[in-house]
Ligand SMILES: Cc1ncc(COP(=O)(O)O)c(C=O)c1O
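The chain below stands alone and is given in structure tokens; this is the form predicted on its own.
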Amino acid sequence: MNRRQLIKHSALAVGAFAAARESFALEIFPSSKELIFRDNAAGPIKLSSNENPHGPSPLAKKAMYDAIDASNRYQWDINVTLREQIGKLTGHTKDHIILGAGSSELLGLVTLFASQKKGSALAAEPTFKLWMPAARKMGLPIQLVQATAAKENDLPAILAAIKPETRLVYLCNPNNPTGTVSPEAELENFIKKVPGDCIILLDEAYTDYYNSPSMAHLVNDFPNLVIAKTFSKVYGMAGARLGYVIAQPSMIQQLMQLQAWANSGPSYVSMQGGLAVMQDAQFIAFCKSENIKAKDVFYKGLQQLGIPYIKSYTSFVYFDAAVYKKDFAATLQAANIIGARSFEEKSTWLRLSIGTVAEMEKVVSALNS
């Protein structure tokens, strides 16, 4: 592929990914204000997008506010500093890191890279699908491998489905929308068995909530392993759009060549917020603790109603609303609570994001009304 073709290919991918993002976000909600350490702002309780109801952190807010005065300057230096700090956190160098406007942008970038050679992709079902419409438009058809009866990623079945033309295997771990996590040893064994010419795109957006094992330590041993992480979840910066990928430097260089300007996705303001929140250990600990408390409130409510659910290692819960005598989502909407939705065709399983303790108490009260 020559440079002209590559630029055209990249432009098509950007357009396709943007269209996919717009189709994915079908519902538009009022923006929330000043949620930090508050039970709920005025307006609907929004529990649809796995956002951190407590963020951004006080340190991140101050850093972003202070950064506004310098946002007339390009972020030449700070993206290097941020990559260095992320590398210290993950055990890598800045050359192992590429930045993007949230990990979603980078999932699209890796998909674009994989689609340069004719082939196909594999993913679990159900899983996070935002990147899939763009992948298909780029000529990368996707085969979905059904999860186990326990709603866990079926790693042996995914391995068995890999063919010589498989260019990419996508895994979300912990998985969205199910909240399940693959055992560390099984996931490591899976990575070792995937052919070296097939990219393993491992989405670790939710590992921080329960300190679920990251596979970042395997990056140096496996050139085909690409790990996507984000500041959108426990760090509370979903709207600031900041994410990164960890991979071997040679892979990072190839991904950077597909960006119009390497590491230019996040703004100067967002990157300052990212640097600050990485130092805000008190805020991170608070978010983890509150997530567990709020989730327990919801668990108990589901148990009282006899609704089966899956123990979640994330900031959301997946449950089977078949036994609920009313329309689950409509009941919540009547109480000004938005978010319960299905991710499987013709399924009664729903996902609901976890809000504050007070918000989840209102959810349980609405369901029992």
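Throughout, we count residues from 1 along the sequence that is shown. Note that the structure is a prediction, hence the values are computed from the model and not measured.
This protein has a second form, the form predicted together with the ligand, left out of what is shown; the following refers to that one.
Here is the short version: of N291, N176, S182, T207, the single residue with a heavy atom within 4.5 Å of the ligand in the model of the complex is N176. Only one of S115, T230, Q75, N153 comes within 4.5 Å of the ligand in the model of the complex through a heavy atom, and that residue is T230. Proximity of C172 to the ligand in the model of the complex: non-hydrogen atoms within 4.5 Å are present. Using a 4.5 angstroms threshold between heavy atoms, K137 stays clear of the ligand in the model of the complex. In the model of the complex, none of the heavy atoms of F298 sits within 4.5 Å of a heavy atom of the ligand. By the criterion of a heavy atom within 4.5 Å, I98 is excluded from the residues contacting the ligand in the model of the complex. Of the stretches 90-98, 103-111, 188-196, 280-288, only 103-111 has residues with a heavy atom within 4.5 Å of the ligand in the model of the complex. For the candidate spot formed by S49, F128 and R241, every residue has a non-hydrogen atom within 4.5 angstroms of the ligand in the model of the complex.
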